[in-house]
Ligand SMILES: CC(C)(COP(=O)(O)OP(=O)(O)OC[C@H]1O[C@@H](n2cnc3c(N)ncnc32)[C@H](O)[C@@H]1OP(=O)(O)O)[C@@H](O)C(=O)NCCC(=O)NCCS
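Coming up is one lone chain in structure tokens, specifically the form predicted on its own.
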Amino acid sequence: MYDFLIRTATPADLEIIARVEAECFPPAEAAGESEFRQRLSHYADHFWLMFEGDRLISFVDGFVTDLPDLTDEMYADASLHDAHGAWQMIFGVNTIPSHRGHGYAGQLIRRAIADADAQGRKGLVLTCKEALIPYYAKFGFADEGISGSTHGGVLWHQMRLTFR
């Protein structure tokens, strides 16, 4: 039995993060090493990683902005991160297939929510496929309808959790 560790990322985590993302999303939706390199250089402390022993099994990532809606440009341009922004965006929720169904992603989502609240944010925003709306609703996210995102050629719903 392994101990589980949750921590934020460092640039040294680049390869394992990209590998887990590739395992969790279709190629059209997955970020690659170049995107993660930029993300880690701008907001590594907004990656929540879960390890089982020394194996990365789940992670959540996203940046902070004053803009209220998640846009495709945010995925592509890590420099848009504003450490003092009002909204914690969530770009990806990843759990390797062999470890799904055990609540690991939920633990990381709760940690991201708690950190955003402790940092005085207004709340969190993410996009998801329609089938996942009930999953995110369990954490307090409300469906705001179809997003303007065309990321990966998929229909996305924007979900928001507001603190204040």
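Note that residue numbering follows the sequence shown and begins at 1. As the structure is a prediction and not an experimental result, all values here were calculated from the model.
FYI, the form predicted in complex with the named molecule isn't displayed, but the following is about it.
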- Message: Given the stretches 133 to 141, 65 to 73, 40 to 48, 116 to 124, which is the single one in contact with the named molecule in the model of the complex, using a heavy atom cutoff of 4.5 Å?
- Response: 133 to 141
- Message: Using a 4.5 angstroms cut-off on non-hydrogen atoms, would Ala31 count as touching the named molecule in the model of the complex?
- Response: no
- State yes or no: in the model of the complex, is some non-hydrogen atom of Cys24 no more than 4.5 angstroms from a non-hydrogen atom of the named molecule? yes
- Can you check whether Ala112 is within 4.5 Å of the named molecule in the model of the complex, heavy atom basis? no
- Query: Can any non-hydrogen atom of Arg55 be found within 4.5 angstroms of the named molecule in the model of the complex?
  - Reply: no
- In sequence order, which positions of 105 to 123 have a non-hydrogen atom within 4.5 Å of the named molecule in the model of the complex? Ala105, Gly106
